[in-house]
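Only one chain is shown below, in structure tokens, and it's the form predicted on its own.
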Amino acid sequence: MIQPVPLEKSPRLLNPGPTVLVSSAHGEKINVMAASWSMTLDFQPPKVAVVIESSSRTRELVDASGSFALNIPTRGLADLVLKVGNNSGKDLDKFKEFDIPYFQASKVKAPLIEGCVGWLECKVIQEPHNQKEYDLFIGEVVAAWADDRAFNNGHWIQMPKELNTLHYIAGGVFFVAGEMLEVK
């Protein structure tokens, strides 16, 4: 049976991909936030879009640095995704509070979160109207990394269960990527 969907819930029908952790840095400050609204925009050069709420610490750091990283967490990081998504970097240092292991990106200052299956280092493409009006940031991917047990030769592959990506639904509920279906 087909049922109506309230308009405020309709974006959930199109969630295009995995939940990401948006990390950022400026000066000595670092932060991370969870985001479900991210997507690929272009292939050459590669571009992504992500919504970064205007009052967040991440937004302050991205505005100041002109860069960010998208980290693609695994099912094992679901608890961390909720913690960083439900707490403000203005109130606490999430990296210290939640003991988040990370390593340094190669082209941007943002930290890359350990335990993820993919990382995209991005330079902001300035679109002031979109950033102010919609909290929408476009980033050019300047470096990308992946765990070869999940992504190899430019494609997602059947991965061990512990590396499955998270897809946020609402209220602390995720779908987890699973079985690969190949159609020829």
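In this text, residue numbers run from 1 along the sequence as written. All values derive from a computational prediction rather than experimental measurement.
The discussion below concerns the form predicted in complex with another copy of the chain, not included here.
Heavy atoms within 4.5 Å of another copy of the chain in the predicted complex map, among the stretches 141-149, 22-30, 37-45, 63-71, onto 37-45 alone. Contact annotation for residue 130: at least one heavy atom lies within 4.5 Å of another copy of the chain in the predicted complex. Under a 4.5 angstroms non-hydrogen atom cutoff, another copy of the chain in the predicted complex lacks residue 97 among its neighbouring residues. Taking non-hydrogen atoms only, residue 120 never approaches another copy of the chain to within 4.5 angstroms in the predicted complex.
In the predicted complex, none of the heavy atoms of residue 114 sits within 4.5 Å of a heavy atom of another copy of the chain. Residues 155, 156, 157, 159, 161, 166, 167, 168, 169, 170, 172, 173, 174, 175, 176, 177, 178, 179, 180, 181, 182, 183 of 146-184 are found to place at least one heavy atom within 4.5 Å of another copy of the chain in the predicted complex.
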